[in-house]
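Quick heads-up: it's one chain on its own, the form predicted on its own, in structure tokens.
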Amino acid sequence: MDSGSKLLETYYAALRESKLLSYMSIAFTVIGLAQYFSFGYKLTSLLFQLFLIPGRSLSKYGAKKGAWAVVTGASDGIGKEYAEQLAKAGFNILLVSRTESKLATLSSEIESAYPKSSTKYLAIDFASAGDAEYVKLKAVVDELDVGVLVNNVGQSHSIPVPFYLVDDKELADIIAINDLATLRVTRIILPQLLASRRGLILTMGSFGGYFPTPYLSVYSGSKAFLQHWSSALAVELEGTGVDVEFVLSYLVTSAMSKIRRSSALIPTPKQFVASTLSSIGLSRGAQLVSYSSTPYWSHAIFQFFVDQSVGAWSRAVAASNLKMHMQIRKRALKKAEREKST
């Protein structure tokens, strides 16, 4: 091959390489623009859902039409707020929780504040409930026109704890209350919702289940289970008239969280429940989780930005959770020692 041919071949090779580089540059530019516009669309969707778009009307589920809302874990905190705000919206309320005296008091308070709403209550300790308790619940529910079920009952660890130190009873109680009770109560009520072709099933989730949470591992796993179960159930019930929504939250002031002071990131139960009931059907922050919502505005924004870089942040979130709960456990153990010595 003479020098002229070699020069020509080198020229064509360089040309092919430059075209390849050009195509690669175009491809990366297109991918970058797609990511940019995707982020913009998701952020716009989040802001519209948080501040402009209303959720479904509760009248779809029988509000002000004689329908009943069943609320588990109803005697305190978030469950109590669900009961009160659903009564205000025009539902009759069936209160289900462990302590009968608290249920009786709440029942009287609701009927006094909302005379158009009737109440019933049933005391069940879901940690130890057997077939007899669920038979009683079914007997009560079968006499009602149920439109809404709020699966709110739940239990976490008494203090953060490494998994190998979790007490057998606490482990069993968390699974029985958070998972088994939710499944059995839903299975009792669902046939009635399907028969009437209208209903709403709200199940309370937690960032503690959405993100791996060391030192609360059993609680974290129980909530992760509910998330997948709820999404699967939602797909099963598409087109039946029964809506299923898994409600994610960060911390809320409550007996379970042991936080008393609210802040921009930690709402009161009243604030949290109001945001939930006003945004039914909107995902808000839970844009990567099917049939789920993160209704409270600061929780939604926090989840949105973590989700956008989930690969980079997942380990950091887990590590942060571990550090926080180790500190909480340390303080709790010191407090217990002080109380023991006095």
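Sequential numbering from 1, following the sequence displayed. All of these numbers come straight from a predicted model, not from anything done at the bench.
Note that the form predicted together with a small molecule isn't included here; everything after this is about it.
Of the candidates 220, 192, 152, 92, 152 is the one whose heavy atoms come within 4.5 Å of the small molecule in the predicted complex; the others do not. Residue in contact with the small molecule in the predicted complex (any heavy atom within 4.5 Å), chosen from 215, 114, 121, 250: 250. Of the heavy atoms in residue 230, none are within 4.5 Å of the small molecule in the predicted complex. When the small molecule is considered in the predicted complex, residue 125 lines it closely, a heavy atom lying within 4.5 Å. Proximity of residue 98 to the small molecule in the predicted complex: non-hydrogen atoms within 4.5 Å are present.
The small molecule is not drawn, but in the predicted complex it has a heavy atom within 4.5 Å of residue 73. Heavy atoms within 4.5 Å of the small molecule in the predicted complex are found in exactly one of 231-239, 204-212, 183-191, 137-145, that being 204-212.
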